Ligand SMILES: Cc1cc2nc3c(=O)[nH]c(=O)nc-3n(C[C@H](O)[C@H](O)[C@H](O)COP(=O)(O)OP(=O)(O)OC[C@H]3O[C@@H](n4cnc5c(N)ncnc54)[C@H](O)[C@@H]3O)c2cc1C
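Shown below, as structure tokens, is a lone chain in the form predicted alone; questions about how it binds or moves come after it.
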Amino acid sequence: MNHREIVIIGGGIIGAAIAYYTSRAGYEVTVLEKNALASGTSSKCDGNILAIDKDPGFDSQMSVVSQDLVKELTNELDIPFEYRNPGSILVCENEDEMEAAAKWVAQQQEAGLPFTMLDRNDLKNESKYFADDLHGGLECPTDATVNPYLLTYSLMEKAKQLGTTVITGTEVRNLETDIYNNFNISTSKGEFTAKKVINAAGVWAPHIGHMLGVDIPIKPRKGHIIVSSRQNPVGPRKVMEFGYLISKFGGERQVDEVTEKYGAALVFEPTESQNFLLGSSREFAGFNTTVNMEVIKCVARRAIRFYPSMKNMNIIRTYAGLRPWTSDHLPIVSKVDDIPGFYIAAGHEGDGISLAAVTGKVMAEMIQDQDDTIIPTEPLRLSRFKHAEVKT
């Protein structure tokens, strides 16, 4: 039987970040991934390191810390991961949204973030492709973008150089503890034991938790993305409609019934290769990742609303992925009080790329029982859900 000091279950970007920071701290780490690295949510998303779409306060501050860590990773990791730091903007299509945006900016500024408002002229200076009737928006200059695949592989490659063992094609089939507080892990490739186990299985984290009798209130939330062909540059950086925030946090929008049903909202992301990604949608559909063309058409209509000339642009492909959703929109990065040595790092929904670095760093600090972690951990504890119902 193979005994390990730390086993991480999950080889997406969260597992990769934890592997990097824990191995850098001197631990012997093994990663178990049932498929290939970055084959789940990490391969079905965009690549944004954002603060602009985070709740003012702890949420946005956590994002800024992660942005700083990702910038440091550009010097620490060997494989480039297409890091760019152009900032991002939210655009408003009516005066009601402009009023809400002004309040959002004031809250973020009060929390210490460098948000600013944009007017109609600012939008025209941003991109000639914007619709003429847009009212303005807001900007966050600290936001960055990466290639999620490359960042996952880069983190994992460095972790391997530091001693981490990565075992792919290995499904965890059972997990239990023994009288010595060791974990016995049964997999499709044999038996392992470990002193500590970190559940970084994303939407499958509840399945792993169930093996130990731990209720992890995470649900898969489906999202669609369109990939365009290479075009003349539409815009230099990430653009979202202000309605994206309303959709993300469950508010009511002034949109048609189908758009509301699927939580569709403009998300535009230019890539380093000069094509671009378009999203997004949010729906609870179980573990079904089949592309729904009704949703794709809805996303396309939102894009054309803000960029009318996109109706003449070509697309390469579409895909759908699952985001690990929690009811308060914060991840679970936590030890499990009742099971010594068992940790959870999941539930990031659409913020896994944004928060991977800070999650990896704080988890390494938690493993070391540090009191002065890089961010406060209390808001991320599993125990916050003990007396709360998970609602959809």
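Everything numeric in this text was worked out from a predicted model, so none of it was measured. Don't overthink the numbering: it's just position in the shown sequence, from 1.
The protein also exists as the form predicted together with this ligand; that form is not presented, and the subsequent description refers to it.
- The closest non-hydrogen atom of L151 lies beyond 4.5 Å of this ligand in the model of the complex.
- Contact annotation: P324 falls within 4.5 Å of this ligand in the model of the complex, judged by heavy atom distances.
- In the model of the complex, at least one heavy atom of A200 sits within 4.5 Å of this ligand.
- Although the partner is absent here, K361 sits far enough away that none of its heavy atoms falls within 4.5 Å of this ligand in the model of the complex.
- Heavy atoms within 4.5 Å of this ligand in the model of the complex belong, among the stretches 57 to 65, 335 to 343, 28 to 36, 361 to 369, to residues of 28 to 36.
- Interface residue among T318, N147, S127, T170 relative to this ligand in the model of the complex, by the heavy atom within 4.5 Å criterion: T170.
- Although this ligand is not shown here, in the model of the complex the stretch 207 to 222 places heavy atoms of just one residue, I208, within 4.5 Å of it.
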